[in-house]
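Only one chain is given next, in structure tokens, and it is the form predicted on its own.
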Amino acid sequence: MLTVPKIKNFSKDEKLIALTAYDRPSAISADKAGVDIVLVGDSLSNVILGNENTTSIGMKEMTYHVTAVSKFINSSLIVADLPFGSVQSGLQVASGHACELIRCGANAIKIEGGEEVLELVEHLTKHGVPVMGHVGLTPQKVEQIGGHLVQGKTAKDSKRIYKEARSLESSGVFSIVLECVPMQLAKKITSDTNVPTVGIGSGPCCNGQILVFHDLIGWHQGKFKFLKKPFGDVSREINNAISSFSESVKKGSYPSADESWSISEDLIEDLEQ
């Protein structure tokens, strides 16, 4: 089984593979595929619950899904998102929430942010809670930044993100997610840090890549520049299966006698007596 130290010291000659999971089917699929990191992401707010943002859920939803996923992961490292409202509530509350996610089955916690979360990161890592950093586009701040926009496009913004990544490394994170930053910035951060970077929408130079499960398989996916075409088309297969089922029922071909249980006709005749 992959551990935090193994991820932190992952060979630069290999690529880390990370994927989100939220339930039994996605967890089993990710684990069987041998992905290195399974993230129980707060993106479940969007792809599972149908919300427009990740800030609509809290610890109740996160603990529920971490518990579900952890039952079916045998080899991947399980990372859980610290949800919106945790960091904002202060060090004590955020630390308690992080520990609760570990108790529910996570091996590590992912925290969005830079300078404002350093104290929390240092506190957790010093007390045995592994932390994955997350800079660039941080979805929990979409209201503040004006939407899901690429970050680091200006010199000032690039310098800020670079500094945040280096500070997170110094604070003890074992890896850093780089979301939607220019690939040149991602390359520089990857080159200058000694912990692996995991990119999403940040180009090919990161040490690994992560995608949302539903986006990867083409299940009600959105449209993203960083994913021109899903790696699968599950939506079409599901729609075809449902249509086939409906047609078979209407025609009377499903269920067949072979798909049904039977008893002696004599028993049926006795019902009338």
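A residue's number is simply how far along the shown sequence it sits, counting from 1. Remember, predicted model here, so these are calculated numbers, not experimental data.
Just so it is clear, the following notes concern the form predicted together with ligand KIV, a form of the same protein that is not shown.
- Screening 24 to 32, 64 to 72, 42 to 50, 237 to 245 for residues having heavy atoms within 4.5 Å of ligand KIV in the predicted bound form returns a single hit, 42 to 50.
- With a 4.5 Å cutoff on heavy atoms, E164 does not count as touching ligand KIV in the predicted bound form; it lies far away.
- When contacts are judged by a 4.5 Å heavy atom cut-off, I217 does not count as touching ligand KIV in the predicted bound form.
- Within 4.5 Å of any heavy atom of ligand KIV in the predicted bound form lies no heavy atom of C206.
- In the predicted bound form, none of the heavy atoms of C180 sits within 4.5 Å of a heavy atom of ligand KIV.
- Proximity to ligand KIV in the predicted bound form, defined as a heavy atom within 4.5 Å, holds among A98, L77, V121, I200 only for I200.
- Contact residues in stretch 186 to 218 (any heavy atom within 4.5 Å of ligand KIV, taken in the predicted bound form) are I200, I210, V212.
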